[in-house]
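Take a look at this single chain, the form predicted on its own, given in structure tokens.
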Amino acid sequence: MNKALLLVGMMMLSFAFAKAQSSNTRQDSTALRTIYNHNLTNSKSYDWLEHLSNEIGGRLSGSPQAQMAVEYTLAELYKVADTAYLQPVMVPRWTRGTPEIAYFKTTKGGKTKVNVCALGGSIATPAAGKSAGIIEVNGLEELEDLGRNAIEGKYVFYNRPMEATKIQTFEAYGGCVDQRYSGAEAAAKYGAAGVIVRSMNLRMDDLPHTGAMSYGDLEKEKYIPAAAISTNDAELLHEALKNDKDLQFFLQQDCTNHGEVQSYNVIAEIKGTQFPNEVILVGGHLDSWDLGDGSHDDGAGVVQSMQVLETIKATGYSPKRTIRAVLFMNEENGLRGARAYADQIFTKNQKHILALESDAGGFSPRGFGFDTTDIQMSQIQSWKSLFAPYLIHYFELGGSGADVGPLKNTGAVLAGLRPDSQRYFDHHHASNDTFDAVNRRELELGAATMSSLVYLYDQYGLATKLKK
């Protein structure tokens, strides 16, 4: 009899648990539907982006435009959050100066103009420009084989392309960005006159793509100019060098490093009602490069993060945990904002459970990349069915974001929104990263997808055991 009663009791408990789970699923499904409906009909994200892009424009760290963006987003966040404030951070200031000029001359006297742009952080050429021979390589490792005798006094032309066979285009980017970031430092050690780097772009076009570079621990007197060349012109130069290895390359740029200046992270939050010291962070970086207006990189991530707070307020949802938006300054050339934020949270009694970044463009969302444990991934995987109606399917380990990276040792789940990336590098760091390249509906879907993950973490917190 006792065994029979025990079996009946276990069956009743199992039924009650299954019923509760079904109820939670229905509740969560309804909540996500509300989130997506709001974002697709009443979102402010596109209008915010229009102002950032068209009224303010490119937002280099330390620039007047970056300060205008700080003031604008702070004012807008006051309207959708319980509180909004600034976190001071010192950032490097670099300016491009007048448009760059570059061309090559063959030994027969033919002159061909090419499209280039200075890399962020580069020094200038002499005021009149500099003409020198040029040698082509496919990577930093080739410099040692060539040696000083072959390199000294010449430009080094790094021409390794992004690998077109990579479906994950960020992997293709990662496979060749070292030549942009470290190419000048490496070439300077062999006495190079400067470096010309193939743009990080899968498309063949005439637009040079800028980006951060570093001189590492080189002494300042050994710094050399660094510029990016468009993919079309990289191919043109490559073909010319096959026929004439003694051609001369001319570069003129007058960019300037101005040292450090005061700037700010912009932070806003909605206080949690049950666990106010548990923080769910969403963020993007407010700075951008100067060639375009930074709509995809990373105006989209900025306004999507702001939209998470607006969605919470507008739908009447009362979060259990504190939901915080952080608009980081100086992601592009230093990560000063991210490091400053990470440093200050260690001095406060706050536990970050999720740090979600959007910094991959405003294209159609596909899911998220995560940096976390197997236990946390098991909970994340259990939510996949809730996202299926919105065609969100990618929930994988690997890849979160540069600005949330410094939070890795806090115990938080680090995550990055993963939009479709096939067109991203057509615009990345180039003059065509502009507002007209952003589709309103795709931008709004990204914000809704971020808001949905935030809702689920607010409801359930961190997992304590593997989900079956």
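Residue numbers run from 1 along the displayed sequence. Predicted model only: the values in this text are computed from it and were never measured.
Heads up, the form predicted together with another copy of the chain isn't pictured, but that's what we're talking about next.
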Legend entry - R441, heavy atom within 4.5 angstroms of another copy of the chain in the predicted complex: yes
Inset, instruction - Please check if T41 has a heavy atom lying within 4.5 Å of any heavy atom of another copy of the chain in the predicted complex. - result: yes
Inset, instruction - May I ask you to state whether D426 is within 4.5 Å of another copy of the chain in the predicted complex, using heavy atom distances? - result: yes
Inset, instruction - With heavy atoms only and a cut-off of 4.5 Å, decide whether L202 touches another copy of the chain in the predicted complex. - result: yes
Legend entry - Heavy atom within 4.5 Å of another copy of the chain in the predicted complex - the one residue of I375, L391, I101, L146 that qualifies: L391
Inset, instruction - Using heavy atoms only and a 4.5 Å cut-off, determine which of Q168, T273, N277, N138 is in contact with another copy of the chain in the predicted complex. - result: Q168
Inset, instruction - Work out which of the listed stretches, 47-55, 60-68, 433-441, 401-409, brings a heavy atom within 4.5 angstroms of another copy of the chain in the predicted complex. - result: 433-441
Inset, instruction - Scan 411-425 and write down, in order along the chain, each residue with a heavy atom lying within 4.5 Å of another copy of the chain in the predicted complex. - result: D420, Q422, R423
